[in-house]
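Okay, here we've got a single chain as structure tokens, the form predicted on its own, with questions on binding and movement later.
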């Protein structure tokens, strides 16, 4: 499975919102600038994430975007499914023309395991994990 730019941008946008969750709401313009995501592309991503309950908007002069759920409850898998649709390999595993008759059951078993492993990795990474990794990466360590 190939992860689309839309999913990569969506993950970055949700991460940016999460990094600022306890301090301020972010506007689309701020998310776009901070994460270098084209604003015109970001608008559709944010609409989809909002429709599926990953983020929400607060209206008003100090409004913006915030997470609709706790960062520990949002996985990268959730974001990919919202933005790319149901998680599956690029080649349809049920399409027998992708496999020779003699290798169909063996090959399908391999690709099914690959698909499951990819899904498990994405389900195992939460936005909270990414927040912690980002903070660790950019936090100076003054230990001697």
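Note that the structure is a prediction, hence the values are computed from the model and not measured. Numbering follows the first chain given and starts at 1.
One more form of this protein should be noted, the form predicted in complex with the DNA, which is absent from this view; the next part is about it.
The DNA is not shown here, and in the predicted bound form it never comes within 4.5 Å of any heavy atom of residue 119. The DNA in the predicted bound form comes within 4.5 Å of no heavy atom belonging to residue 86. None of the heavy atoms of residue 112 is located within 4.5 Å of the DNA in the predicted bound form. For the chain shown alone, residue 80 is not a contact residue for the DNA in the predicted bound form, no non-hydrogen atom being within 4.5 angstroms. Along 41 to 72, residues 41, 43, 44, 47, 50, 57, 58, 59, 60, 61, 62, 63, 64, 65 each place a heavy atom within 4.5 Å of the DNA in the predicted bound form.
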